[in-house]
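Two forms, one chain: they're shown below as structure tokens, one block per form, named structure 1 and structure 2.
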Structure 1
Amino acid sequence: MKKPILPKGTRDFNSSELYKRNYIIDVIKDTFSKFGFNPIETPSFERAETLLGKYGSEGERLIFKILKSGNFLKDADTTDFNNKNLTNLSRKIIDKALRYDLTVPFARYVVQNQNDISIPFKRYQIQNVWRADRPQKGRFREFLQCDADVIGSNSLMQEIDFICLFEKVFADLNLSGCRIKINNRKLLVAICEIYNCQDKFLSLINQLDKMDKVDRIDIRKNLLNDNFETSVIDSIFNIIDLSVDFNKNKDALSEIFSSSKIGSEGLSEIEFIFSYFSENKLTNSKLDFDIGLARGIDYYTGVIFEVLPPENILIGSIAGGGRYDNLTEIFGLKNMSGIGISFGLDRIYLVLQEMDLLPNYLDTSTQAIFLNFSKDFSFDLINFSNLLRSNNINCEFFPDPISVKRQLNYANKNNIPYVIFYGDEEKESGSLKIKDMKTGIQQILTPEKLIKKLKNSSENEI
């Protein structure tokens, strides 16, 4: 029989990986709670009509679609089959699809529950999403997104609050030197307005998105190809360079954007945010204005964020987000400005791993194991285990009286810090022998002292 394998782009997680992943998730979750967010969860799949048509043709291709249950051919068209009209046919034989992100299901949730939620509605959502993308380093077909959103208020206090939230998450992960980049979509709209290329907005966004990876000379070539004039390209690059030092170049930027209403608005929003952070400086991360930041997601309309790891780490963005004014409109609910951010767990994991910042004591939660010397001690081992457990000590017994060497081997391989010996001598004396697997030190202790020792050691480790 062939050894079983996993679907492309998916992973099993063992305990050691999960304890480390959960450490990161817990930091994010705790911070969301600190900032007044409460959790919601939505189903893994949605009705096809909820997801399809929301992510552009590229996104649509990446959505996993679920075959109808029962007679999946009942609405299928023979012509579609014969002509290999995949789009038409697939819409007839599938009726559900796996979540592609958490944002569209969130919008669906808000609209569907609009009478039960109170505005502004703050929620976090930590769940898997699925994309049929080509797998590569840090990119999988099933991955966890950690999102927080506030919907129903356009107060800029929230933009500031989310930057504080980024600061706290990365500080709590002991990850310093991250670069929180911000921009405002309004400024990009204004640039197209000022230089009379409104029709080329998406092309500009598209090129700016590549600025991190592609040389400026090539971006210039691409923009020329897209019929941007040389002088306009120079002006755009000039604006981007000015934005790097906002406090110094505030006036120059004000003048550039003064002819555009939306541009002035966008700039004054940035100014409001910077005025807070010039008084209350970030100590762990850096806050950088960058008019070159575009974030190619359609629904952003205001301030946008992107967090990059410290400069020497060559991994893409580890968090992002922005304000969107019309997200719930796709489901018929207008005028709900929202702002949201998302942490990418896999990327953060890679960064922490590369910087050796993942706590490595988290391999097992088991504190001790009772070795098994004879079937005669079965009930005693169970009873001692239960005694320890009722004292909040995680422990197990070895289930079979095999060779001590193999039992110690098991304890070692599983990184269990203490083994406990219980044989004839111990049964008679009522005391137990405990061995510290790291130091090799052995002690003979009464059950009470054993419990005290294990409790202390577990507290020291946490």
Structure 2
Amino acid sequence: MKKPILPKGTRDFNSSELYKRNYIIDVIKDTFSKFGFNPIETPSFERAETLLGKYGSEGERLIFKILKSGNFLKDADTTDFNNKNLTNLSRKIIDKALRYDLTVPFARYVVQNQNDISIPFKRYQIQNVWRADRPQKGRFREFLQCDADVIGSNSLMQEIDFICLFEKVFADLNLSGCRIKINNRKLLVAICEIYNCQDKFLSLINQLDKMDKVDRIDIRKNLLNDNFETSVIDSIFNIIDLSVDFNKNKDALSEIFSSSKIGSEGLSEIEFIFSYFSENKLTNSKLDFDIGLARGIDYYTGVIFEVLPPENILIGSIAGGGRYDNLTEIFGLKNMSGIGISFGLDRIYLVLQEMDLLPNYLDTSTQAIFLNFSKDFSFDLINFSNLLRSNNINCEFFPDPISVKRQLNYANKNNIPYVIFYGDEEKESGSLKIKDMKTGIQQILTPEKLIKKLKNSSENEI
């Protein structure tokens, strides 16, 4: 039999890793609650029509599609096979897909439940998503997203509040030096309008979205191949460079976008956000304006976010998001602007690990284990264990009366800090013997004093 292996881009997690991941999740979840978001969950897969056509060509090819149940070839056309028309073929043999993100399922949820929710509707969602991407450091095919969205409000106060939320999460994780990059999709629309290349908008978005991974020279070549004029490319990069120092170049940018209504609107929105943070400065993160920020998902229409780790950490973005005005309209509900952000748990984990900011969790939460000397003590061990548990002490008992050496070895391997002896002598005296596995010190205590000791020990560790 072959040795079992995991599919590429997936992982198992041991207890220590899960404790650390849950620590990050708890910080994010607590912050979401503080900011007024409440949880929902949606299925791991959706109808294919719900997801397809929402993410652009790059996203579309990364969606994991699910074959129809039973005879999935029933509606397939031989012509599609022979002509290798994969788009037509896939539509006939699949009817479901694993969710690519949490935002499109959220929009579907809002439309389906519009009579039962109050607007604006704020929700958070912490669930797995799947993408058929090439696995690499910080990029997996199955990963957890931590999303918060508000739908039903056009107010730019929401954009400011999300930046404050980023700041709060990073402060609570003791993570300093993150760079919160913002842009406005309206400015990218305006650039195409100003330079008369509206038909190339999606091409521009796709190329700019690669700027954190691909050299600018290669981006320039790609734009030339997409029939952008050299002078237009130069102008685009000039605008991007001007945006790096927004306060210094604000007038120059205003002049460039003055001929475009949507461009002036987009720049005004950026100015509104920066005017708040000029008076209420971030202490843990840095806010940067970057017109080169694109976010390669089609549904964004306004302000967009991307958060990068501290500069000395070589990993991609750890959070992102933006405003979307027309997403619920796809499902039949008009005039419902939304905005949301998403934290990438896996990359945050890697950043905290590299910076040695993760708590030093053990592989177990068990604080004490009762050794088993005989079946005669079975009921007593269960009762003592339940007594400790009723006092909020995590404990277990060894189920089989094997050699003490092997039981102690189990405790050591599982990093259980205390073992408790209960045999004939202890039963006769009504006491228990406890051993500190780190120091080797042993004590004989009454059950009441044992509980007190373990509680004090737990508090000291915290």
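Basically, rigid core = biggest C-alpha set you can superpose within 1.5 Å across the two forms. Remember, it's a predicted structure, so these values are computed and weren't measured experimentally. Residue indices: 1-based, along structure 1.
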item: Number of the structure representing the form predicted on its own; value: 2
item: R131 C-alpha shift between the two structures of 2 Å or more, rigid core reference; value: yes
item: Yes/no, T283 Cα shift of 2 Å or more between the two structures with rigid core fixed; value: no
item: F397: Cα shift of 2 Å or greater between the two structures (core-aligned); value: yes
item: Distance the CA of E58 travels between the two structures [rigid core superposed, Å]; value: 5.3
item: Per-residue Cα shift, A48, between the two structures [Å; core superposed]; value: 3.9
